[in-house]
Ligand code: HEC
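Take a look at this single chain in structure tokens; it is the form predicted on its own.
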């Protein structure tokens, strides 16, 4: 060693074994192309939300009971008895929507910049797979609260899957775990949601990040288009691309700390919004799932609404074709896009067909979503906003069978008898029970038949009376309770 040479510190034992320095250089200390914008933070923001979903999901799973008898009660217990339980569930609920929004925006940015073309074709296919898994997360998680909305929306989803030609019946049975939506379905969806899907998403995310590190972040379209051959399958295109990409990186910044600072800012804002929505809005929870309530109008989560609305436009035999054909065509188009689009133009302005397709897809989805939201606003619940007890739900089922053909409730039912939308604000449960047993005792000229035993048991009549007691006016305009019971005079003794 000469006098001017300084000794080089030997790597530590941990460094020799794990190579942490090389990992840090690969992840953070790497050049990136020039001209990266805030739109390039969408991938990191999506990753941040996935981590939020992972952490909140693990905590929620510690309090959840995946059985029809206890699932709903465990959610209620979490929200009412567990410290910050309502906020945690709210973050998980809003995080699901954020995952869908950010994943879609990320893919739209990649599509608009032509970043799915050489050499990133495989990474685009991974992105399509991740989008499908994110939607599967939403579908399987939707059932877990086991409330009315969850039960009936899942029932509709399974029915749509059952319309697939040749394999529809088997697919519906596979989803439900049998012929009916029940305990096997809930257990199956829970296992998919907390075990299989997180593992699959984790693997695809790891591959996606590894390929981004290996190939680098896509440069701006202008840099890659200047002087490029007309097609990406031209033998000279790879050399042009690699040279232009290296030149862009030489004039760019370092991922750490320049680019990652933007990622941290956007991820912090997104997580802050999730916390704010969780605190102010929470997560929806309707009445417990009631398989006997055939009058319930199911609505899926908002990101499935455009497709749900589209199916309504094609009733009859066409519905099955649309239910299977549209998703299949969309998936095949997305997966095959980088392999049949070989034009070297990357900016959306130079790709008129791509611009038109994106406009039609986004515009059409927005119109369908708007139509579905308007229809949702016109749907009103029969009961008041409070959660019905099991007795009241049983009474509602009996009412639908025995009474709905004659009595109007919130615009639904027959008109032969009086409307009962606000009957619970005028009469007590005891009066309703007595009247249902024998209306002639109250009104000798009543046209209503007596429903006392043996027509209905005392328990069935009490259940109907309890249900009618919840009807206190249209939702949002509940009537003031003013009981006006008038019982008939008892008959004199003989």
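The shown structure was predicted, so the numbers you read here are calculated from the model rather than taken from an experiment. Whichever C-alpha set is largest while still superposing within 1.5 Å between the two forms counts as the rigid core. Numbering follows the first chain given and starts at 1.
Keep in mind the form predicted together with this ligand is missing from the figure; the text below concerns it.
Partner contact region in the predicted complex: 399 to 407, out of 399 to 407, 263 to 271, 89 to 97, 131 to 139, criterion any non-hydrogen atom within 4.5 Å of this ligand. Heavy atoms of residue 418 reach within 4.5 Å of this ligand in the predicted complex, making it an interface residue. In the predicted complex, this ligand sits beyond 4.5 Å of every heavy atom of residue 64. Using a 4.5 angstroms threshold between heavy atoms, residue 36 stays clear of this ligand in the predicted complex.
Under a 4.5 angstroms non-hydrogen atom cutoff, this ligand in the predicted complex has residue 423 among its neighbouring residues. Contacts between stretch 413 to 450 and this ligand, counted in the predicted complex as any heavy atom lying within 4.5 Å, involve 416, 417, 418, 420, 423, 426, 427, 431, 432, 435, 436, 443, 446, 447, 448, listed in sequence order. A movement of the C-alpha atom of residue 95 falling short of 2 angstroms is seen between the shown form and the other one when the two forms are aligned on their rigid core.
Once the rigid core is used as the reference frame, the Cα position of residue 262 differs between the shown form and the other one by less than 2 Å.
After superposing the rigid core, the C-alpha of residue 226 moves by less than 2 Å between the shown form and the other one.
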